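Next up: a single chain in structure tokens, the form predicted alone.
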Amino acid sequence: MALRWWWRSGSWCRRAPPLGSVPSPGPRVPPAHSAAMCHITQRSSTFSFPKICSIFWRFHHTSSSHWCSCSKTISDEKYQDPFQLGRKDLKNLYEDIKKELLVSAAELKEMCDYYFDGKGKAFRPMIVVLMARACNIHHNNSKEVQASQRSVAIIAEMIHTASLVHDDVIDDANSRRGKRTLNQIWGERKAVLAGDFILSAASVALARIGNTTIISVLTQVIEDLVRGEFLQLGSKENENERFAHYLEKTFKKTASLIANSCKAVSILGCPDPKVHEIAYQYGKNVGIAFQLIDDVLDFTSCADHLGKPTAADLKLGLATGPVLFACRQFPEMNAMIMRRFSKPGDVERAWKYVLQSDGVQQTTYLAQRYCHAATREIRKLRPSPEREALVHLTEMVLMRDK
């Protein structure tokens, strides 16, 4: 199942375009003279950027009553707090992770335990245990999370944290979650080794599950993380390719972990491949939306609230959604994007252009579309409190401020 927008050259229907399923053999950029479409698939993404800006502008001004209020992204069904429902299964989560990281070297242990202090949101493990329950209930009305499914939640958080440690080294970041990064305290070399150790411990825990299908699904995450980092190091001159590049990077660096972790627990809890695809598509769409909002917050949230410096992406030379949308209104940003905001004053000028444009709005609308796609997927499962919590989670993604 893929998220898509259809358009015709020069004209648009007044109603919101449908979301549907489209096969896609790989990335491709549609020719300018033909009808075009957007494919966000398991392995690739194609996004025609010049047209999508027009889409969201019309979409906002013709369908605002239906789409533009984040507070209306879920129905009036009984509210289910995702964190409350997932609390039982996430009890002692960080203690259990620390057990996986048992090591005799005191310094390495201190480094590995540094981010597992219980102060994180545990967003990914929470999604995973809720998806596990929702799939179990759908299959045989079982309301318990299997031990192997909970292990997937633990592994997901370990892989995520290891990737943060490595990202901070690559980006030379000095703060994360409101405190100094590992590389700032212990140095880059030791930080890299600590990230490697966390990843290796996650791999051991994965092997312990003893299911080759699950191993294959979750090792795909590690491959995607590496490929996503390489994508982030590159850039595209063509605007169409640039946005496709950005979305593919977003999937691989952020959404793949959520999508494949959801798929893994669905495989463990239900034999139906259709349920596996539902879980995967939900995780993929929520994951992309989560990162889009994260990119918005880089322009709208203060550093103290966000827990890391604002404008961090611009300073790293990265053109995220708000920048790419703003570029349509301020073409002079193209040169800055290509030189990765490296000249004096580039970061400040780009920041100003983004705030003067509707780039933040457009990126938020795009995130909302992905959340609606996630909601549509998860509603295919049998009704349950966990299913409704996953629906509500899409609203939380859109409304978060850090």
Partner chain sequence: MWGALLRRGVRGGGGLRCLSSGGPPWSQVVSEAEKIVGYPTSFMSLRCLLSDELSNIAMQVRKLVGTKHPLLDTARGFVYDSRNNLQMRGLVVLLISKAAGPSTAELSFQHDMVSGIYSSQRSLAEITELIHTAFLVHRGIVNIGELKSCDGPLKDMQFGNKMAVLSGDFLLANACTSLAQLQNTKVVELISSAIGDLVQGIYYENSKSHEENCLTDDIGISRWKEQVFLRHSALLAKSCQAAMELAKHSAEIQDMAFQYGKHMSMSHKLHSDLQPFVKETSSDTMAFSLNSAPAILHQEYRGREAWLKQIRELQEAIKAGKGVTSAIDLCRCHGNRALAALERFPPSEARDALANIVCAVTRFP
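What you are looking at is a predicted structure, and each value in this text was computed from that prediction instead of being measured. Residue numbers count along the first chain shown, from 1.
Heads up, the form predicted together with its partner chain isn't pictured, but that's what we're talking about next.
Stretch-level contact check against its partner chain in the predicted complex with heavy atoms at 4.5 Å: of 254-262, 326-334, 84-92, 167-175, the positive one is 167-175.
Scanning Ser142, Asn238, Gln146, Thr219 against its partner chain in the predicted complex with a 4.5 Å heavy atom cut-off leaves one residue, Thr219. Among the residues Arg227, Lys98, Lys179, Lys121, the one placing a heavy atom within 4.5 Å of its partner chain in the predicted complex is Arg227. Residue contact check for Leu108: one or more of its heavy atoms lie within 4.5 Å of its partner chain in the predicted complex. At the 4.5 Å threshold, heavy atoms of Lys190 reach its partner chain in the predicted complex. Not displayed here, its partner chain is approached by Ser203 to within 4.5 Å at the level of heavy atoms in the predicted complex. Interface residue remark: Gly210 is counted as part of the site for its partner chain in the predicted complex, having a heavy atom within 4.5 Å.
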